[in-house]
Ligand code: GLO
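Below you will find one chain, with nothing else, as structure tokens; this is the form predicted on its own, and questions on how it binds or moves follow later.
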Amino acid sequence: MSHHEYRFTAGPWNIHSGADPFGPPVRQEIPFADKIKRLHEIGYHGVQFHDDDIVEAEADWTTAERTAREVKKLLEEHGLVAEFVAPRLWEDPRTIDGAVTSNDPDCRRYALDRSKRCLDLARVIGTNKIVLWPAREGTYLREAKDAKLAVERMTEYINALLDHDPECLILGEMKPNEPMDQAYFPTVGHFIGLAYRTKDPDRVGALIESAHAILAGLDPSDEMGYALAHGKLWGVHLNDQNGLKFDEDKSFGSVDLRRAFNQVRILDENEYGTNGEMVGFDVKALRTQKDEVCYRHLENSRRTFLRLLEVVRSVDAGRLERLRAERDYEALDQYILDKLMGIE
């Protein structure tokens, strides 16, 4: 197993002013250029984007292309790259009933047109990856949509994007609920099954977010293992989650250190990152943080990953296999706990 180095990314939304559904901002908004500069300073290598993080969604293409080139230049000045661009389809009034699975053909057309433009923006900013989070692709009432038709519409949508850019990679980021009561394609398994229905399955893969897997009652490392077995784990959003509730985006490892250890373990054992993949964190600063320390969650998440990486690489593989073969899982349990507690 190669002991390669990892590259880290975050999005500009991960450095925010602390507003939540129950209260207004509590910190000053930070200029975009300052966010980029600070990500570089704390050891990050790339930036994740939504399309409207780059340019306003309604801007004409001449303006959009010019602005994207300016953003790319800013990234290059700080030695950063764009990891992916994601079309933000869930906030526009035209997607109130979903975007791809909407019952309104005009709304579906809007979603496709915006996603094609997102692909074009991605290429200008220097990446061929787009991420699809089907946030409103689901229902509040099961009778409101045809579940079989929803699968067909999503397949047609992805095929249209594959046609639009013959070199693009499409990463599905699945989540079982929120904002929808129940979402279509709630897990990575659902989306990978869908990938094989598309016209070019080799270009359709997954980005797995820790919290989204936990919200589905699943272990993130198992979800990663499933995607890795299909050769389709092309991105991760590492964070943490305290139970089955709303998406908390806590700092990586802050709730369950062993669960975080196993995510790092399965990534490293399978040489994730050696084909250009990056380690993304989708974490939010606690609302109580003051302006001057509002980056600490990003520093902490990276630090925890690297420390757990040291622990993962210190595990005696021979001892691990022997304990597995002997089915001595109590000894295995304590061995891992001792490792996490720094007891040799």
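Not measured: the values here are computed from a predicted model. Sequential numbering from 1, following the sequence displayed.
Beyond what is shown, the protein has a form predicted together with the named molecule; the following relates to that form.
- The stretch among 137-145, 208-216, 227-235, 68-76 whose residues place heavy atoms within 4.5 Å of the named molecule in the predicted bound form is 208-216.
- Judged against the named molecule in the predicted bound form with a 4.5 angstroms heavy atom cut-off, the residues 7, 268 and 309 are out of contact without exception.
- This chain is drawn without the named molecule; in the predicted bound form, the residue among 121, 204, 260, 131 with a heavy atom within 4.5 Å of it is 131.
- The listed set 125, 183, 158, 86 contains one residue whose heavy atoms approach the named molecule in the predicted bound form to within 4.5 Å, identified as 86.
- Residue 282 belongs to the set of residues with a heavy atom inside 4.5 Å of the named molecule in the predicted bound form.
- Using a 4.5 angstroms limit between non-hydrogen atoms, residue 175 touches the named molecule in the predicted bound form.
- Within 4.5 Å of any heavy atom of the named molecule in the predicted bound form lies no heavy atom of residue 35.
- Interface membership of residue 165, defined by any non-hydrogen atom within 4.5 Å of the named molecule in the predicted bound form, is ruled out.
- Within 4.5 angstroms of the named molecule in the predicted bound form, the stretch 290-329 places no non-hydrogen atom at all.
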